[in-house]
Structure formats: structure tokens, C-alpha cells
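Shown here is one chain on its own, the form predicted alone, set out as C-alpha cells.
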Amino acid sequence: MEFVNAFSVSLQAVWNDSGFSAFTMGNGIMIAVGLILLYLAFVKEFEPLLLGPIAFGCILANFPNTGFLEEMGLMKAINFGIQYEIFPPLIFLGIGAMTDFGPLLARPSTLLLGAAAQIGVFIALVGAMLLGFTVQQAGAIGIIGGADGPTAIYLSVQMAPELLGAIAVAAYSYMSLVPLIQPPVMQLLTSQKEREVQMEQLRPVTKFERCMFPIVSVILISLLLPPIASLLGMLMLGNLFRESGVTDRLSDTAQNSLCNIVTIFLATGTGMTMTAESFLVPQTLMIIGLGLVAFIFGTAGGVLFGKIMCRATGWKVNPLIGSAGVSAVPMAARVSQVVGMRAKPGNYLLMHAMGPNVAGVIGTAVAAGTMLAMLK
């Protein structure tokens, strides 16, 4: 009898320590959400390098009694890297090493297209405030319109950490859906004649220009907006590794090994913020809706300014490249190319669209810095 009682007590202890004893319907729903995201990532191939780890992190976050964020270990270390803004700047280091600023330097006027595409950020900010979010939360939600996941995470951690999961998932989801969301907006706002505009070949950019740009940019922008010095600093350092010609090993490490490792940690840690308690609230649906509004208006802002430039230059600028002003590099530029080729076969816009595309990376970071300086 004593053996039976002892065995019963042991079974009860095992049950109490298991995840099943504390498992809720909310946990089940979020695990299902994670499985859907895994399907989108690996079957539909929607940004699998990012959405895959986010989805798996979401599943892990909804196992009860794991102690991931209470006990020191790998999961808490990953969360530490997000909370203390370590991972986003490291991602920017890799982005800088992968990015060619040549098209922007060859046609500096495309910087205006990247700036125009940030209108979606501020429209979503106003919309979020009208829906009852605080000004800090609204700023973090608005940055989704820049289609820049690391910047969205960087800003959310500082201004609205309680919304990090919803904001990060919205930002990365819309980044992956660029080929679906942007073309209808581009078609609606441009005429057949505008889509057929062929642009002149870009001028060659010297090595001196390529090396001076990251140095001058980081000095000017960091002095103007100190809150984003770490983001812009890492972006420009990575680009300097690329362009210097004497740091190939550092450039290769930044854009490959380091970037891949940090992406795994950042995306998985982001997914782990998607607990049932923080994600299954009405605010989440509003954030996802506002993110879509921000993204659509950002695309529209770039295209409409592209139409202005088209006429101001005597039809030498194709308005389609304005849609690349969001900072989804290089996917948004590829979408401009695809829509342009569909309107007129042989109309190669990719390199022209890379100008506003990389300008969008800088523009989104500047928008984030402005919000941190004014709203935090």
C-alpha cells in the first residue's frame, strides 16, 4: 500500500511539473499559429530564413513550465540579446556588408524616393494614436511601414516592449509579402506609359565615393540623431568593410557567418515573445492591420513621388522604382523590376530601383531615430 501511495505521489509530481498540467487553450492556439507560420516559411517560402525561426520560437514560447526566461541558459541569453539591443545592430553590420550603395551615389536624387516612402510610417503612427495606443506604442507600430524588421525590433524594445512580438511578426510578415502587396498598388497609381519609361544607364561610381559615403553618413546622421548611432554605425561599418578592398575576410564574415548566426538568434528570440498572454489580445489584430496600412501608404508615397520626378526630369525616371523606397532589400527592388518587365519586356529597372531601396534602409533608421528623440 505504501508503494502504491508513493508511486501515486510520484506520478502527481511528474504531472505537476509537466507542461500538460498548465497547458491552456491559448497555448494551443499559439502553437497552431506557429505551425501555420512554419507552413508559410518552408512550404510557401515566404521569407523562410526569418519566418522559420520566428515560427519555431513561437511554438517553444508556448510550452508551459520550461523556465526559459526565468533560469539562465541559451533562451534567456537570446532574450538578453534582444532586450539590450545587441542583435539588431549586428544584423545591420551584415546588411551593410551585403549592400551596394553605388546606385544611390550614381543618382543621389533617389534618396528623395526613400524619404517619400516613409510617409506610411507617420500615417500608421497617427492611426495608432486614434485607436487608443500611447504615443510610444504608436511610434513603434508605425515603423512597420518601413518594412525593416531589425529597426522595428530595435524601436519596439525601447518604446513598446510589451508589443514586440506582434510588431516583429507584422514587420517580417509584410516583408515576406512584398511581391503580393506592392504590385496592385503600383499598377493602380501608374499609367501604362509611366510603367514603360526606360531609364538611362547609371554613371560609374569611384572607389573614393564608395568609401567616403559610409564615413560621412555615419558622422552626420549620428550627430543629428544619436539614438540610432549603433544601427547606422554598424550599417556603415559593414559597408566600409565591403568597399575598402582590404577587409574581404571581415566583409565575408559579416555578410555570411555572423549575419546567419545572429539571424537565427534574433528571429527565434522574437518568436519567443509570442506567448498566448501577450499575443492573443485585441491589440494584436489592430497592429497587424495598421502595419498593412503603413506598408501600403509607404509604397504609394514612393510611387507618387516617383511620378513627380518622372515629369520633373522629362520622363527620365520610371515611377515604379519609387515603390522600392521601403527598406525590404533587395526584394522591393526586384518587384519594381518584375512589374517594369511585365509592362515592357527588356525594361531593366533593378539597379535603378536599388538606389531608393538602400535609401529606404537609411530613411527608416532616420525615422526611428526621430521617434526616439521626440517621443521616448
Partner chain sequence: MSQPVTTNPFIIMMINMTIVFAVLIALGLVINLIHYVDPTRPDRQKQEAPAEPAPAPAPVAPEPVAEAVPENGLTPEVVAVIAAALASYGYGPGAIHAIRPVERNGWKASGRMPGASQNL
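Please read all numbers here as calculations on a predicted model, not as lab measurements. Numbering follows the first chain given and starts at 1.
There is also a form predicted together with its partner chain; it is not shown, and the following applies to it.
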{"property": "Output flag, P108, A115 and Q136 jointly within 4.5 Å of its partner chain in the predicted complex, heavy atom basis", "result": "yes"}
{"property": "Its partner chain contact at E209 in the predicted complex, heavy atom, 4.5 Å", "result": "yes"}
{"property": "Contact of T263 with its partner chain in the predicted complex (heavy atom, 4.5 Å)", "result": "no"}
{"property": "Contact test in the predicted complex: S217 vs its partner chain, heavy atoms, 4.5 Å", "result": "yes"}
{"property": "Residue contact check: R203 to its partner chain in the predicted complex, 4.5 Å heavy atom", "result": "yes"}
{"property": "Sole residue of L189, A276, L258, I123 within 4.5 Å of its partner chain in the predicted complex, by heavy atom", "result": "I123"}
{"property": "Stretch in contact, per heavy atom within 4.5 angstroms of its partner chain in the predicted complex, of 266-274, 290-298, 193-201, 157-165", "result": "157-165"}
{"property": "Members of 173-195 lying within 4.5 angstroms of its partner chain, judged by heavy atom, in the predicted complex", "result": "none"}
